[in-house]
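There is one chain below, alone, in structure tokens, taken in the form predicted on its own.
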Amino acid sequence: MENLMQLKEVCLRLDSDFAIQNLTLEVKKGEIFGFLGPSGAGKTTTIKILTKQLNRESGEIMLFNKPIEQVVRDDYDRIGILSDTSALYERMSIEENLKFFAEIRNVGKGAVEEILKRVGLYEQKKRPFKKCSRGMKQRAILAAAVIHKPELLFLDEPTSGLDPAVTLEIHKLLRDLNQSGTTIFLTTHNMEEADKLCYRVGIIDRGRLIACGAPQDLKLEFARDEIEILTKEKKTITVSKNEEGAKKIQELIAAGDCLTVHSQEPNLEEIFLQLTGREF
């Protein structure tokens, strides 16, 4: 799979501190890449560098197979962005807002009806944006970001503060977008969200990339060298991942005394804690 963008030893200092330090990673065409870390880790700053809202101090960036210095307006028309500052016009209806963005993006009016149905807002399309619930607003803003079917979509904490039902709806939409060919760069501090959605993740802390890989690969890399077994008597037995441990598991299964077997892979949040010594 070819790279859609690539960063090599990118640095940016803000207020005498490094916001980004020697950041090296690549995002492959067609994947959902999760960029994980706590508030202030450098996630949003990275997006601003990639979208030319900030200039790096050093390092190399390739976007759409060209140096970022050569990326022009037409290239950025291939990109969609949803950030914490994204908003629509309060006094306009959802439909009016999307028609406005369709005109800016040079797409036909049919795209408005299509995206309204896709985000589940068709029945509410005449509602003024200011009278929408938080979940409806977030879906409408996302609709505006993807109305032109971007090749690359930057999402900065897209489900922050939303209830579980709305979050699930947005997750489904993101999977659908990805299946239709959109590459997604997702920043989040929600490790469970990243685990569900992302092909690969990078974990950033204090401006440094400290781990990168497929979620399952990272879990296996940091898994404990033990297996936990729950017996019928609700007793927990821990064995090592070796020949002796395998023999014990076989004995318990043969005796009908094994309820569950757990290989004790950590979740992404536990991996972060292990790497940094601090919580989110």
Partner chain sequence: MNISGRKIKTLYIKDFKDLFKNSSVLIGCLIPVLFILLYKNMTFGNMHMPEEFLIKLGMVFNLGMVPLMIISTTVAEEKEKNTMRTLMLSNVSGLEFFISKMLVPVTFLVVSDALIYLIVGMDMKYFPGFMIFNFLGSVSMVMIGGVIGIMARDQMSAGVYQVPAMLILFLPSVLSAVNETIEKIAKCTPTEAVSNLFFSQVDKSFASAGLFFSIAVLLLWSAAATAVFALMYRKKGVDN
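Positions refer to the first chain, counted from 1. Keep in mind it's a predicted model, so treat the numbers as computed, not measured.
From this point on, the text means the form predicted in complex with its partner chain, which you will not see here.
*Heavy atom to heavy atom, is Thr85 within 4.5 Å of its partner chain in the predicted complex?*
Within the cut-off, so yes.
*Would Arg206 count as touching its partner chain in the predicted complex under a 4.5 Å heavy atom rule?*
Heavy-atom contact with its partner chain at 4.5 Å: absent for Arg206.
*Given that the partner is absent here, does Phe185 sit within 4.5 Å of its partner chain in the predicted complex, heavy atoms only?*
It does not: once its partner chain is placed as it appears in the predicted complex, Phe185 has no heavy atom within 4.5 Å of it.
*Could you confirm whether Gln53 comes within 4.5 Å of its partner chain in the predicted complex, counting heavy atoms only?*
Looking in the predicted complex, residue contacts with its partner chain include Gln53, since a heavy atom lies within 4.5 Å.
*So which stretch, 87-95, 191-199, 165-173, 110-118, is the one near its partner chain in the predicted complex (non-hydrogen atoms, 4.5 Å)?*
Partner-contacting stretch among the options: 87-95.
*Can we say Arg73, Tyr76 and Arg105 each have a non-hydrogen atom within 4.5 Å of its partner chain in the predicted complex?*
Per the other structure, all of Arg73, Tyr76 and Arg105 touch its partner chain.
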